[in-house]
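Presented as structure tokens, the chain that follows is alone, the form predicted alone.
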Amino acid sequence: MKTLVYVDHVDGVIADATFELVALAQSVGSSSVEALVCAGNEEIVEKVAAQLPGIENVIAASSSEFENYLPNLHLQCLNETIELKNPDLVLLSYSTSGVDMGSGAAYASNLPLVCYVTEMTIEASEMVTASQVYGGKLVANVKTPLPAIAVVMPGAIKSDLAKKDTTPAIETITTPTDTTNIKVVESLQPESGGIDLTKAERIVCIGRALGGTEKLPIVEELANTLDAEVAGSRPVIDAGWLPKARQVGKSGTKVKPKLYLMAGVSGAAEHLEGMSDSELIIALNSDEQAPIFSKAHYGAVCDMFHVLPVLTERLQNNS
């Protein structure tokens, strides 16, 4: 079985989710795994290839056209690579590029598409998947004939499971010409405010149930006691209760702390993408049907404002 992996990267820095796709491709028994890399120049291609041991072949499209991310151009490149290589399985990550290209590639290649994949096996000539539906509240089990395209949720498989016994060759392909009128005017980096959640060993994350900034001191006191950083889900950030730099999730920061304590966070797929690799996940939520309970190592159905002050007091008293 031949598998093609689309590589998500920014100037040669590969997204963690891409390594997870490589590990997944190997775990389902692919006889060969190739990776598509679109980059602004050959130097970046070589930098990416050097980080992808275990890949048989890197298919490289390098051009100044790729200095900025233009989805239509990347989709053209992916479509041409699928036609050229005729893979049995195409893997994309549930990222900006994966969402942009998954359906377009399926339409162009006339291949079936399965999204929000969290588990995958291959049985005979079928792809057997488990996928999140309804914001992660339900799981759909589907059998899909190969060849097929899958958009995989980050965190579905551990990236360190990837075998690293080969160094890829680099195969250059013709770069398509962008025919759209889309032009990148400027790229803006979000302000960090001096906060780097990726380095935090302990995080206390709050959700919409916080209710407002007047309740923040309760959370901050617990975080201070734990020597932890305070973070928030997207609704908390959108409401302006915490700055953007403290957002965890698909549109925020991906974290892997030793402790991730969640209070009032439901556990939507977008949030799970950002914290599913945490070593210890503890969830407090008043809704016993909250999706987070299927991911947490420990959980309690409760009012977080009844629990947090008591937890803080006991920690401060070492009891």
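In this text, residue numbers run from 1 along the sequence as written. Nothing here was measured: the structure is a model prediction, and the numbers come from that model.
The same protein also has a form predicted in complex with a small molecule, omitted here; what follows describes it.
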item	value
Exercise: residue 74 in contact with the small molecule in the predicted bound form, heavy atom 4.5 Å	no
4.5 Å heavy atom contact, residue 93 to the small molecule in the predicted bound form	no
In the predicted bound form, residue 38 touching the small molecule (heavy atom, 4.5 Å)	no
Touches the small molecule in the predicted bound form: residue 268 (any heavy atom, 4.5 Å)	yes
Listed residue that, although the small molecule is not shown, lies within 4.5 Å of it in the predicted bound form (heavy atoms), from 158, 208, 85, 202	208
In the predicted bound form, the residue from 23, 296, 17, 304 that sits within 4.5 Å of the small molecule by heavy atoms	304
Residue stretch of 29 to 37, 42 to 50, 62 to 70, 258 to 266 approaching the small molecule in the predicted bound form, non-hydrogen atom distance within 4.5 Å	258 to 266
Residues 100, 118 and 154 all lining the small molecule in the predicted bound form, heavy atom within 4.5 Å	no
